[in-house]
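Next up: a single chain in C-alpha cells, the form predicted alone.
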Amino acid sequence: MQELEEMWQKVLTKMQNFVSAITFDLWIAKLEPIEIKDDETLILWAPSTLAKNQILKNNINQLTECIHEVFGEYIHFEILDKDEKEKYLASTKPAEELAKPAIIADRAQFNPKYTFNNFVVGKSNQFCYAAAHAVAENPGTKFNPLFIYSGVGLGKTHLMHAIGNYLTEFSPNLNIKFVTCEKFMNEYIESLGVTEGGKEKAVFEFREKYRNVDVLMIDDIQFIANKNATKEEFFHTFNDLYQNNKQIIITSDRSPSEIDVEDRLKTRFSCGLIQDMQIPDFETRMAILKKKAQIERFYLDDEVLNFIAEKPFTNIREMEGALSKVFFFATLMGKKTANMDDAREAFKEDIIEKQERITPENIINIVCEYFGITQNEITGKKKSKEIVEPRMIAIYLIDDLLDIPLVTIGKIFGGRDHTTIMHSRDKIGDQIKKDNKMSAIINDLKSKIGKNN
C-alpha cells in the first residue's frame, strides 16, 4: 500500500503541470488510490459523484497520460464515487472489517429530549407522526420528500429531532445533516463572498457538505422565499439528493402552495408526502400537559391540568409555558404540588381585573336583553336557533372576558359538559373571523358589558 501511495504521488505531481491550481485542488488532489485490481486496473476513489463526473468530463486525457507514465501503459483505471466505493469494498473486504461504519452519525445535532417515545399522538398529529416514523425506519424509500407544515409551536421540530435521534441510534452509518433554512442560506452566502481566488473552492465545499449526505433535514423552509440565489442552489441540491434516493425531510409554517417559490420547486415538494399538523384537541392537550409534567417532575392537581388545557392556546409552547408558570408559583410557596390557588395566582394579572368588574351573571343578563330572551331560556334545554346562538355567544363572552374554567361555565348553563362549552366557544370564535355580522354583534355586546360595569 505504501508503494501504491508513493506512485500515486508521482501521478499527482505530473498532473500539476497539466491543470490549473484551482482544478487540481478542487478535483485531482482529492482522488485517492484504493488498490490495483488483478494487476491491471487502478481503482481510484472520488469523494462525490460531482467530482468524479468533473474529472471524467474535463481531465480524462491528462490523467490517463500521467497514470501510464508512472504505472505503465498496460494499466487501466476506474474512478468510484462514495456509493460505488462502498459497494466495491463490500465485495472485496472481510466481513469483520465491513462491520465498522464508515460514518458515525452526529448525535449533537439533535435534542435528546425530542424522541418518538415522548411525542404525544392525537387526532391533530397522528398522520404526521406515522409518516415521520415510517421515514425514520426506511429513509429514502418511503415518502420522499416528507414535507410537514403547521403553525408555530405544534410539534414539527420535535418530530424532526425524533427522526434524527432514531436514525443515529438505529442507522449510525448514515450521514445525516440537520439545518435550519436560515443557516443553509447564510452558509451559501458566505461561500459566494469568498475572495475570487477561493470562491470556486468554497462553493464546491458547500455543495459537497449538503449533497454528499444520506438524509438532509431542513427546518423552516418558508424563509427561502424571495432569496433567488438560495432557491436556485437548494433546487439543485434537492435534485441531486432525490435522484440518488437520499431522504429529504422539510418543515414549514405554511403549505408548499403558500410559499413564494417557483412552480418547479413546489412540484419537488409535492412529489413525496405533505402532512399538516393542527392545533391539538382538548384530550391531546391534556395528554401533552401530563407528559410534560411527568418529564419535568411537576406535581399538579388534575383540576389544574384541566384549567390550563381548557384555555384556547394557539400552540403547545404557550401551553407548556403556562404549566411551568403555575408550578413555579407553587414552588415559591414551598409546595410540592400545585393546586388551583396557584393556578389563579399565576394568571391573576390576566383575569383579576376582569373578575372584579364583570360576572357571568352580568354577561348573561346583557345578552338576554340584547336578544330579547329570558335567563331561564338561555341556561335551559331549548335548542331552537333563536336560543342556541345567544347561548353560544354568552358562553364565548364569559370565557373570553373572565377566563374561568369551562367546567364552571358548564354548570352555569344547566350542567353542560366542558366539551359542549368548548364547542360553543370555538364555533363563535370561528364565526367572528368569517362573518362581519357576528363580529359586529360581539363588539356591540362587549361595549354594553363595559358600560354596565
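We number the residues from 1 along the sequence you see. What we label the rigid core is the largest C-alpha set whose atoms superpose within 1.5 Å from one form to the other. Please read all numbers here as calculations on a predicted model, not as lab measurements.
Omitted from view is the form predicted together with a small molecule, to which the following refers.
K.L.:
Go through 130-138, 112-120, 77-85, 202-210 and give me the stretch that gets within 4.5 Å of the small molecule in the predicted bound form, heavy atoms only.
P.N.:
After filtering at 4.5 Å, what remains is 112-120.
K.L.:
With the cut-off set at 4.5 Å between non-hydrogen atoms, does Ile218 touch the small molecule in the predicted bound form?
P.N.:
Contact check for Ile218: no, nothing within 4.5 Å of the small molecule in the predicted bound form.
K.L.:
Test of understanding: in the predicted bound form, would Ser191 fall inside 4.5 Å of the small molecule by heavy atoms?
P.N.:
Although the small molecule is absent here, Ser191 would stay clear of it in the predicted bound form, with no heavy atoms inside 4.5 Å.
K.L.:
Decide whether Val152 counts as a contact residue for the small molecule in the predicted bound form under a heavy atom distance cut-off of 4.5 Å.
P.N.:
Residue-level check for Val152: yes, a contact with the small molecule.
K.L.:
Can you tell me whether Ile288 touches the small molecule? I mean in the predicted bound form, with a 4.5 angstroms heavy atom cut-off.
P.N.:
Yes - in the predicted bound form, heavy atoms of Ile288 and the small molecule come within 4.5 Å of each other.
K.L.:
Using heavy atoms only and a 4.5 Å cut-off, determine which of Glu320, Glu310, Asp342, Asp240 is in contact with the small molecule in the predicted bound form.
P.N.:
If I apply the 4.5 Å criterion carefully, the residue I get is Glu320.
K.L.:
Would you kindly say which of Thr157, Asn306, Thr230, Asn165 lies with a heavy atom within 4.5 Å of the small molecule in the predicted bound form?
P.N.:
Selected option: Thr157.
K.L.:
Determine, after fitting the two forms on their core, whether Phe170 shows a C-alpha shift of 2 Å or more between the shown form and the other one.
P.N.:
The answer is no, as the C-alpha of Phe170 shifts between the shown form and the other one by less than 2 Å after core alignment.
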